[in-house]
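The chain below stands alone and is given as structure tokens, in the form predicted alone.
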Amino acid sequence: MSLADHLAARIQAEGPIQVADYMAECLLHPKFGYYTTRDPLGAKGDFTTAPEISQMFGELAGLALAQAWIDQGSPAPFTLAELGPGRGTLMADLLRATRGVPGFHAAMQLRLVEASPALRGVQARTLEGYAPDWLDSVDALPDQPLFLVANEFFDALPIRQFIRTGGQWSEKRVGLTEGALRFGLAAPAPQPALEHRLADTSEGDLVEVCEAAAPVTQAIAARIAARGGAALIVDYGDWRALGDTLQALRAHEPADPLQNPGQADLTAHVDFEALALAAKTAGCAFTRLTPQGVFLERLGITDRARALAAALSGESLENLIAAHRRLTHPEEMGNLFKVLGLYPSEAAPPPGLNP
């Protein structure tokens, strides 16, 4: 049996399913799920994240968190955490960059929130010597100061999609047509959670809702508000979601989200307004949403690139220049990716970000 067979059987038994259910099956099914069965990163995988492009990304994120830790009085012990750590590359770069920060490593307790057994194995090898603890969810994070990074985590959380129909909403669903997976629409119905979107949408507009994002954000924000800490959330998206952003990526190329379920990465743009409101509900302050390129430039990525370039030549130097451009240039990742910081209301925001 394949995941397509499993989905077809489920739809035949239950009827068309939400897009969120389809995404969850494709990404996290214990036997056929995309993240549970492989290492999807790098040249041999399906996509490449910022930490895989250059060590500079993780180094600067780490130093920003370390400075926030110092600004808050260097609490000990504290949790250093990452959501969806991939291969562990970002955390490895972060730890290397902060090794010289007095007291930081001695006070930290390293915890990784990771659902994929395959990736946990890769992370263990990458972070050998640091003895991280793996957690299944953010709810398992301890009740102590929390300094956290989440890079391209929220974009993989399942979304529901709704199309405006008058003053109501028709939910987009995944069903079967002649045995093949197809998108369809449920009957229009009121959606109290989308009442506020009637003011900024028109007939036929599509709005995405990520119901899993708020509880995750609130769990992080509640710990930071109560115990101190900071979070850096980096992802692609904008302040408020509008339009169909569900996409599939396979072998670094766009694919049909309904073709080869479980064999491609499925993501959607992050609605950062929803994350900020969830943090506010938990009593936590949030920064202005900042383009990734601006954030990295404020942290000194150009100076860091120049320092690295001094020892390079030829292809290695060209690769460094290309990596700097890819991370910061507005036409590449610089504007598409955004950074939102969370911090205690009585503290300063993390470096590189403004309140």
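Don't overthink the numbering: it's just position in the shown sequence, from 1. For clarity, every value in this text was computed on a predicted model and none was experimentally measured.
Unshown form predicted in complex with a small molecule; subsequent notes refer to it.
The small molecule is not shown here, and in the predicted bound form it never comes within 4.5 Å of any heavy atom of Leu289.
In the predicted bound form, at least one heavy atom of Tyr35 sits within 4.5 Å of a heavy atom of the small molecule. Shown alone here, Pro85 lies within 4.5 Å of the small molecule in the predicted bound form, counting heavy atoms only. Contact between Glu152 and the small molecule in the predicted bound form is found at the 4.5 Å heavy atom cutoff. The stretch that touches the small molecule in the predicted bound form, counting heavy atoms within 4.5 Å, is 109-117, out of 96-104, 109-117, 161-169, 71-79.
Contact with the small molecule in the predicted bound form, defined as a heavy atom within 4.5 Å, holds for exactly one of Leu198, Leu185, Ala219, Leu157, namely Leu157.
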